[in-house]
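Just the one chain here, laid out as structure tokens, in the form predicted on its own.
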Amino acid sequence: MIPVTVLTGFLGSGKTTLLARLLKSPEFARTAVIINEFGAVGIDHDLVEAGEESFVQLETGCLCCTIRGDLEATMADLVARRADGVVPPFERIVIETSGLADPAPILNAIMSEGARGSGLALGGIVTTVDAVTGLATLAREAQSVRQAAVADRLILTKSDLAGEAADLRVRLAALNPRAPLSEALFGEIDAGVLLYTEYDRLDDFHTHTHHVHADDIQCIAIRRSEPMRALTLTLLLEALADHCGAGLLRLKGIINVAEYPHRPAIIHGVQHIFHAPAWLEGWSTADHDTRLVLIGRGLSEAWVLNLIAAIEAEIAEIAPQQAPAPL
């Protein structure tokens, strides 16, 4: 599996500066980077310097739904060249998006390419927020709100110029209470913050439920100790895709599948597209609870719980327990 990390954030939030510094660090060896820009002129090429062991793929154009096919083609080309030995054997991909990019079609492109058997899987979303102008940007630009809301991790940039930025921290905590917030001082940050993936620490599927109603975006968490049958999971994802559609900005979870109690499944979804579950080799902790996180509009914990209960009741009537199929 090759994890793909999405580095997003609104215009001027410091993504390129951050990435340029990180590409010089030893931790970024064996990393392929796709840089996308808004506009026809490639300006980031002059700003990014890659170490000898890093392969950088530069692309022009904003990463949005109108050029989604280009992103998929770029990822497929990278994987093919890796297999042919044309480029160094990178172990991960980082995509730096345009500041105007909607994260949803980018995540859909990653999941669609992974479904084709490329070995790619969404590793996580990291969003940069400018400590100086971030509060005003969130109030003015709906795109910046979506970028922050779907993040697995938030990075506060330029905090050396803005001090504590207490109001912005409160705003981000209300918008995305589940995402750890890190600081980049003078463009410097630990590479592990960006290279972190959901597969590294299952603990980061936080266990406390938050009911957030910021900018009409809800962030809810479902936790259950009872294992979930594979058919229940399949039907649940189909129902969420049908009923939530574009309103579901992000879904992620770790699932205790009844048929495979020793191998947790990691799931990701955006709008009506869901990545095939990634089966891990085992649980990293004694906690084997199923945990689901949903971010979007028109969501409620009660509705999701009732949906799960209805699916389970229907399956209990029509589908007896069956032996698991081999993975």
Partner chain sequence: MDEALLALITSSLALWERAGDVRREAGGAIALESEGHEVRITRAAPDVPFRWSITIDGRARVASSVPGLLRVLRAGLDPDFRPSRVRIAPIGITPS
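For the two forms, the rigid core is made up of the largest set of C-alpha atoms that agree within 1.5 Å on superposition. Positions refer to the first chain, counted from 1. Nothing here was measured: the structure is a model prediction, and the numbers come from that model.
This next part talks about the form predicted together with its partner chain, which is not shown.
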- Within 4.5 Å of its partner chain in the model of the complex, heavy atoms considered, which of Glu141, Glu91, Glu238, Asp160? Glu238
- Item | Listed residue that, although its partner chain is not shown, lies within 4.5 Å of it in the model of the complex (heavy atoms), from Ile34, Ile266, Leu292, Leu299 | Leu299
- Query: Should Phe28 be classed as touching its partner chain in the model of the complex when contacts are defined as heavy atoms within 4.5 Å?
  - Reply: no
- Would you check, heavy atoms only and a 4.5 Å threshold, whether Ile311 touches its partner chain in the model of the complex? yes
- Using the partner position in the model of the complex, report whether Trp283 sits within 4.5 Å of its partner chain, counting heavy atoms only. no
- Task: May I ask you to state whether His288 is within 4.5 Å of its partner chain in the model of the complex, using heavy atom distances?
- Result: no
- Message: Suppose contact means a heavy atom within 4.5 Å; in the model of the complex, does that hold for all of Leu233, His243 and Pro277 with its partner chain?
- Response: yes
- Task: Name the stretch, out of 178 to 186, 80 to 88, 117 to 125, 225 to 233, where some heavy atom lies within 4.5 Å of its partner chain in the model of the complex.
- Result: 225 to 233
- Query: Does the C-alpha of Asp102 move 2 Å or more between this form and the one not shown once the rigid core is lined up?
  - Reply: no
- Query: Asp152: with the rigid core matched between this form and the one not shown, does its Cα shift 2 Å or more?
  - Reply: no
- Core-aligned C-alpha movement of Arg224 between this form and the one not shown, 2 Å or more: no
- Note on the structure: in the model of the complex the CA atoms of Arg116 and Phe28, compared with here and shifted by at least 3 Å, lie closer
- Task: Relative to what we see here, could you say if Glu113 and Phe28 have their Cα atoms closer or farther apart in the model of the complex, with a change of 3 Å or more?
- Result: farther
